[in-house]
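Presented as structure tokens, the chain that follows is alone, the form predicted on its own.
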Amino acid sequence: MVEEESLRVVRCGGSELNFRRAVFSADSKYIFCVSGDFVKVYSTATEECVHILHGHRNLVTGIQLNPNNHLQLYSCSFDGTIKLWDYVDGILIKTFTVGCKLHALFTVSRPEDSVFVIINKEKPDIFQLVSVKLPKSSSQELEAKELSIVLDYINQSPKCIAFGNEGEYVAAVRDFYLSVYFFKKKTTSRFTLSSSRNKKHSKNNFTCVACHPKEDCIASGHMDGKIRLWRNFNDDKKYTYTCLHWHHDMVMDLAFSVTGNSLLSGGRESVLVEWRDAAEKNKEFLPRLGATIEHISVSPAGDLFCTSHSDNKIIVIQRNLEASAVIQGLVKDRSIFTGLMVDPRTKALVLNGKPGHLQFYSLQSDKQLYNLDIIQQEYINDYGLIQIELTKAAFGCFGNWLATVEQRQEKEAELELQMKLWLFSKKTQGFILNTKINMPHEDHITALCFCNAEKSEQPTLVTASKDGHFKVWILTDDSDIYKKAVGWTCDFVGSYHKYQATNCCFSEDGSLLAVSFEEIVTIWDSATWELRCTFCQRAGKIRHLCFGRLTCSKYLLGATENGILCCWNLLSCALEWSAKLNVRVMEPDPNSENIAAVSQSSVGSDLFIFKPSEPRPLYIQKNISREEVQWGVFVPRDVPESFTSEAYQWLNRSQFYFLTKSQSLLTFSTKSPEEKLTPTSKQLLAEESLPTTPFYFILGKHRQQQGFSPCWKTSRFLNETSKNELVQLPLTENIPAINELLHTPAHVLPPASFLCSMFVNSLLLSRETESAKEIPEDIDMEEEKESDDSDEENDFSEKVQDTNDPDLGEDIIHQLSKAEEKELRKFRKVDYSWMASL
């Protein structure tokens, strides 16, 4: 039973990982990145999210390590607070309330009790860099109202602010201006580049800035791809700068190495450039990183770099410019043409990913599983070039088939259209291209759907197009005389008075096909492809169309562009009911009769859950989002919930996810974000003395003993101890075999055959762990008799008969022979106490 709590809209993952620079831990084991309202902690070795820091009530805008304690992390947010975390334990230490929106956060070693933030107090487009003094107190919630302005009229992006030479000065860039504030002198120097009025210097705008960690040197990136190195900037007249130029487009970010010997730069070329000794000729490249480099970070130890990319990806890079890990979030495409789908096999969310790809995204682990390259062409990043777009996709036959549609149109009369059908291969565990169809229709394809009936004899696909036709495609033998290949071919072409076909869908049993032609809905028999009936309300073009399911399979629902929701009864061929509702999203639940409809109003988006048989909604929630909801989908649950309230029972078997216009992925839950997003938070509490591998976690667990043994003596002992206590496995840090195996370099280890016996024996529990109190007296007496083999052989039967243990009398019910007694004696001498840990 689930306690009845209020249903709330929560972020379910998919937040931007590239919103701000990522931050490394001091030992380079972990990497921190902002993700919506949370701060996520990833392992640089395994790429797994090992912890989530939650507590902010709005978007997190900055994170920095505490320079005075590298086990602590500062974070700031639009909620106006600065929070101090112990990221190892996931504990919120303190909350400092500033009282205004905080756009970025910076920390320096001096002064110890201050941090720097970017705010906009007076006007929304004027930003200031201010110093915030953090009060010292034992309480957890404090007010930090002591602010002092450092620089005014700056850029709100944290890439345009940098502290240099161990915090002696701060540099800020905006438009064509560079400002440097010296903390000791409390003076500001300003430098100006030529404005855009001069065509020669039309792209001199500053885009980012970085400061040398030990010298008075400032590196600035510009819109024209140049990098300028400023020196002698403490004198307004004697300052100099030199130029480095490789990027053909704007420089997105800059970062110095820890020692300052190298400068890293990145941009839209998806290439990380390392300028060694700030020399034009001495540079190294890491190309083909996949997307525009948004941010560059350097670990405090100097052994790792990382780049954040426009496709919501973080790449961890070693010092020799080799990528070692990739942390991939939900790719935010320019527009989601395919909508939200669910892969029937993996239960992953499927939608447009990077250009020309479908991404398979795990909602449970909040990570991308893999990308499927649909267009299979090299993507050229050029604003003036018209790209091939992946516009439609659909799964069929329980995930065995995937249909995709791609198009490119440079002019009205030049439409390039292609449909591909992909077969899932059990051998490769991926989709393989089976059939490619050029120009399946004469105009844009508006919808496609598979017949997913369980008793369907032949896979069937239907496409609808603006050319006024819908086509039925079936899987047929497309091979030679050996009949080893199959392919898709057109089986039927239908139309209705030359109207444009806008939507299509199959009934649950696959016997009927509904196709909408503008304002008219047509019903076709899937066995003969004959037109059975038509529905017409003249309420505008049909925007959404779907059949009811299970007990409501006799109903057909349609939503029009004029804001009318209609429900037709297929048995009576009449309108059952209609409602005035501006439906933008309509999705049926595959596991129940429920249908979700999201309507758009002037205030925001509203959710309605209803059954086609009842015009009254089961559940209504207003203002689920202030912006327009574009797509939605029901995802079946692995483990059903047990909500007792009728208003929440629609969430028992499936969960509803929806995507907003700004591509925020949201869902409904009665659980708080803390309960939903911390399943792996205990992983950071593992022992640091050994690598945190899955095998190590197994060794550190407490297990309950099992009550089984081939020997009656061990069986009784296990049965008694299992009721009273848990046995802890020996600590791995005290086992020499494990330390030797896991800590010694591989090239100096002896052969595995030599270590195997020692390693296995070290995992066994010794007899010394059993105390005298845990072993019954009668067993102790028998253990003393076991020392004399001859006496035990003669007196064994007598002991069995004279024992006072009633359980023993039930186990041994007949006289043992000499051979059986000898075999049993061998078993009794063996130590079976190691089975307690199984």
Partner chain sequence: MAAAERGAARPTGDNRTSRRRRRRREHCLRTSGLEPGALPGQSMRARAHVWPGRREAGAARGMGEFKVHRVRFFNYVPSGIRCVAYNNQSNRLAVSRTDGTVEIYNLSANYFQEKFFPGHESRATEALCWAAGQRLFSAGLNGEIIEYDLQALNIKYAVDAFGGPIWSMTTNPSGSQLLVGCEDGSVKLFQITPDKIQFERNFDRQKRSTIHKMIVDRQYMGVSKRKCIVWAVAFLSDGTVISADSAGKVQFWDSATGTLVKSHLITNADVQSIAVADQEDSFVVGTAEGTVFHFQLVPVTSNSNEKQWVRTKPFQHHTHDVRAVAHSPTALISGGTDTHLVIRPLMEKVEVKNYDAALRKITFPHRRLISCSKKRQLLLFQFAHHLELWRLGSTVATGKNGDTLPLSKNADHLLHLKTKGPENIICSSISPCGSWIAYSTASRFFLCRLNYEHDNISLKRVSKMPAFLRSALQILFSEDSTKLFVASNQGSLHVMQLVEGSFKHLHAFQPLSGTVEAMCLLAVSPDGNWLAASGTSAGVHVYNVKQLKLHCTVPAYNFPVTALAIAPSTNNLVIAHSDQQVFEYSIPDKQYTEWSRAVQKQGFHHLWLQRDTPITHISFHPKRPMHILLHDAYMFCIIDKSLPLPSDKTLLYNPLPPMNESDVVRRRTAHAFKISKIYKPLLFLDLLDERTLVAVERPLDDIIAQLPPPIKKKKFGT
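Numbering follows the first chain given and starts at 1. No experiment lies behind these values; they were computed from the predicted model shown.
Form predicted together with its partner chain: not shown, discussed below.
The contact residue chosen from 335, 645, 240, 137 relative to its partner chain in the model of the complex is 240, the criterion being a non-hydrogen atom within 4.5 angstroms. For the candidate set 442, 112, 280, 175, a heavy atom within 4.5 Å of its partner chain in the model of the complex is found for exactly one residue, namely 280.
Note on the interface: of 337 to 345, 539 to 547, 127 to 135, 212 to 220, the segment with non-hydrogen atoms within 4.5 angstroms of its partner chain in the model of the complex is 212 to 220. Although the partner is absent here, residue 231 is a contact residue: one of its heavy atoms lies within 4.5 angstroms of its partner chain in the model of the complex. Within 4.5 Å of any heavy atom of its partner chain in the model of the complex lies no heavy atom of residue 508. Although the partner is absent here, residue 244 sits close enough that one of its heavy atoms falls within 4.5 Å of its partner chain in the model of the complex. Its partner chain in the model of the complex comes within 4.5 Å of no heavy atom belonging to residue 186.
If you take 164 to 181 and check each residue for a heavy atom within 4.5 Å of its partner chain in the model of the complex, you get 165, 168, in sequence order.
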